[in-house]
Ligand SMILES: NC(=O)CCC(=O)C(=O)O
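Next up: just one chain, as structure tokens, the form predicted alone.
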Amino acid sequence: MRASLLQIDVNEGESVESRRSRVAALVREQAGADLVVLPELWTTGAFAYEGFGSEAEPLEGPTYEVMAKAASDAGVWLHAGSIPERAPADSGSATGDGPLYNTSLVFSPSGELAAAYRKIHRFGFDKGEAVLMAAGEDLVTVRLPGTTLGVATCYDLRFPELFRGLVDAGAETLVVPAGWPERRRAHWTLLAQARAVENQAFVLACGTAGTHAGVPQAGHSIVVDPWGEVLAQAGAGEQVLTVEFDPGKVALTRDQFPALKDRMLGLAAPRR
């Protein structure tokens, strides 16, 4: 399988519309890849909290439309990163606005929406995303030819129980778009490798580059194999990180070193 991670430079000097068009062109350039992955909140910036409300879109809004077309034009599976989604308001809403979610979109090579994932763990410690956005509730997997994706987003990477749930649901390749800050870059690499090792799965973690809302981004998107070995890692700036990997290595690793069968805790753990 050939995967391309698009480490997008998100900066305040470029409009959302311009960035959306530029990124769509980059996706089209990946024709021939099996899977293309974009970062978290690349339209607005993951730390640009003040713009979440004004830049929020319905699920099938402008980013959806542009990315669906780009996936179809390139003939690729596209994890289009995430958008600030404005969900429909319920009948009891006092303001007329529905809740905000940090929502990832996955498109098939025909441009159809294959899955949407609302981020479960919101970052901010009682400010920013943690108070502006609602929490998702559902684990999401997507079946591709040759592998099953498990979908998570940025701060989710710090919560191993989510990834265990994805593995129990059949995930073999864990995809993590992010807007991870440079000051915690060491954690980014460490946690990506840990999630790969403990779940005996590939991890494809795609971050943003640049600086937005005054927060330098880590970049350094990374692909890790089921043994925790780094297959490829980007630098700090905008770039396309392309890697070929064998999805069959997941089953082989789990067979050669069947640690998952020795789980003793959790509802999904087999009885011994």
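One-based numbering along the sequence shown. Keep in mind that what you see is a predicted model, and the values were worked out from it rather than measured.
Not on display, but discussed next: the form predicted together with the named molecule.
Segments offered: 234-242, 39-47, 23-31, 54-62. Contacting the named molecule in the predicted complex at heavy atom distances within 4.5 Å is 39-47.
In the predicted complex, E129 approaches the named molecule with a heavy atom inside 4.5 Å.
With a 4.5 Å cutoff on heavy atoms, G75 does not count as touching the named molecule in the predicted complex; it lies far away.
F107 falls outside the set of residues with a heavy atom inside 4.5 Å of the named molecule in the predicted complex.
Of the heavy atoms in W180, some are within 4.5 Å of the named molecule in the predicted complex.
None of L149, C154, M133, A196 but one reaches within 4.5 angstroms of the named molecule in the predicted complex through a heavy atom, and that residue is C154. Contacts with the named molecule in the predicted complex, taken as any heavy atom within 4.5 Å, map to no residue of 224-261.
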